[in-house]
Every structure is written in structure tokens, then in C-alpha cells.
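What follows is one chain in C-alpha cells, specifically the form predicted alone.
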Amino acid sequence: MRYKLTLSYDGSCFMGFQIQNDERTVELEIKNALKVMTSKDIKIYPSGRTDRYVHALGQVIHFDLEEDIPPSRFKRAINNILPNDIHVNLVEIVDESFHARFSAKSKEYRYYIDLGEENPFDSRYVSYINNLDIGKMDEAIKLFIGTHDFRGFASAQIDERKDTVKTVFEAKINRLSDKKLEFIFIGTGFLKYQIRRMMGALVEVGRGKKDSSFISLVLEKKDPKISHKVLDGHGLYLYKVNY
């Protein structure tokens, strides 16, 4: 049986999704919970890997089990085992052709910036940045829309064999309140650090340190050394994976 799980997690206390030696990661906690349930070491496949401190509201994974466990019972059992900063929202039994990563049509990420005074109760969930020209940022963010080679906005250590051409369907800013901004990015997929580097460029534009042509320059030159500013992971959320 192939199981598809949609889950949320608070990334504040994780070193990312992927297992890394003895570090606390989301993947390790899920594998441990599955081992308690099945007494087996289950290989899991995520829609993608989130980095250190990055949160998720709609991460998707899949794995195969010999056991046929009703989804409602499975959900209840695994949530009783998982730590409080991970929660399974939905369990589905899917066709064996489904793959959490390769079946995905698009992914949606959201980034949150608070323009006000820093609040220690929210500091793990937003980035506090002030004195931003939202109008300039609103114009600049549109430059990300379309099919581009995003190598210049990716990690400098990205595998050279990896396809860096991605399509961004939507990129926009919502003003949730006088102080809080929500940045929405929907695309076929995103490279390591891509959204955090794009956000870094937008903040540079918002602060008047760069103009919007800087984004076009990075896309043209494809050099991540140009887009050196990477915003913190704690303002970033994997919001939804669309199939």
C-alpha cells in the first residue's frame, strides 16, 4: 500500500527536513514514529526538502507499507507518537504511480515580514525588517514571474547537473495589516535558497539599496555571488503542494 501524508511542522527546532547524521530533522522524527508503528525502517519520499528553521503547512510525503491501515486510524496513531512540533493533517492511500516529488504540478511558498517592533513570541515565525518601500517591492516581485534560469538565486553549492530553469506562475505581496507583509510564490519548483535569495533582493530594492533592474541582472548573469543576501529561514513556509 502506498500512503500519502500531508503534514505541518514548526521548523524552529529542526536542522531542516533531510536526515543529517545525529541532528534533529523532520525526516528523522517521522521515520522514528513509523518504526514505532510498524517495527520497520521505512524509506520516505518528500515533495522536497526544507532548510533549517523553515516551516511547513502543507508538506507532502509518501512511503510504502505492506500493512493496510485505515487512514483515520493511521493519522490518529502517528500523531500520538510524533512530537508536538510535527502534525499529520491528512492520510491517504494512493495509487502506486503517485510520487510526492515527481507527481507535483506546482508548489506554493509564503514568506512573512513584520515591519514593526520585534516581538520575542513571533521572532521564530517572521522576519522583522522595517523602512521598506512596498511600492517598489511590488513592482520588482513581478520580474520573477515566468520561466527563467534561477541559478543566480540558488545556493552557490548547487549541483551543476541540476536543472536550474524553473517557472514561477505567481509572485505577489499581500498586506495583511499595517505591519505584516505576506509574499506568495507559486511555481513548478524552487532551488535551494532560491526564495530566500529572491526575498533578499526584494528587501534590497525596498530599502533603496538596489533598483528593480538588479533582479534582471541576476537572472541574466546567473551568478549567485551577485545575489549574496539570503533572508532568514524562519519567515519561510512551504504552504502547499499541488498535484
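These numbers were taken from a predicted model, which means no experiment stands behind them. In this text, residue numbers run from 1 along the sequence as written.
Although not depicted, the form predicted in complex with a further copy of the same chain is the subject of the following passage.
Enquirer: Is the gap between Q18 and a further copy of the same chain in the predicted bound form 4.5 Å or less for some heavy atom pair?
Expert: No.
Enquirer: Does a further copy of the same chain come within 4.5 Å of any heavy atom of E117 in the predicted bound form?
Expert: Contact check for E117: yes, within 4.5 Å of a further copy of the same chain in the predicted bound form.
Enquirer: Quick check on K107: any heavy atom within 4.5 Å of a further copy of the same chain in the predicted bound form?
Expert: So K107 does not count as contacting a further copy of the same chain.
Enquirer: Would Y237 show up as a contact with a further copy of the same chain in the predicted bound form if we use heavy atoms at 4.5 Å?
Expert: Result yes; Y237 sits at the interface with a further copy of the same chain in the predicted bound form.
Enquirer: Only one of 168-176, 130-138, 146-154, 83-91 has heavy atoms within 4.5 Å of a further copy of the same chain in the predicted bound form; I'd like to know which.
Expert: Single hit among the candidates: 83-91.
Enquirer: Taking a further copy of the same chain in the predicted bound form as the reference, which of A56, L181, I215, V26 has a non-hydrogen atom within 4.5 Å?
Expert: Contact with a further copy of the same chain in the predicted bound form is made by A56 alone.
Enquirer: I have T6, I61 and D64 flagged as a candidate spot, so tell me whether each of them has a non-hydrogen atom within 4.5 Å of a further copy of the same chain in the predicted bound form.
Expert: Spot residues vs a further copy of the same chain: no contact at all.
Enquirer: Going by a further copy of the same chain in the predicted bound form, which residues of 1-39 come within 4.5 Å of it through any heavy atom?
Expert: Read in sequence order, the residues that approach a further copy of the same chain (within 4.5 Å, in the predicted bound form) are S8, Y9, D10, S12, C13.
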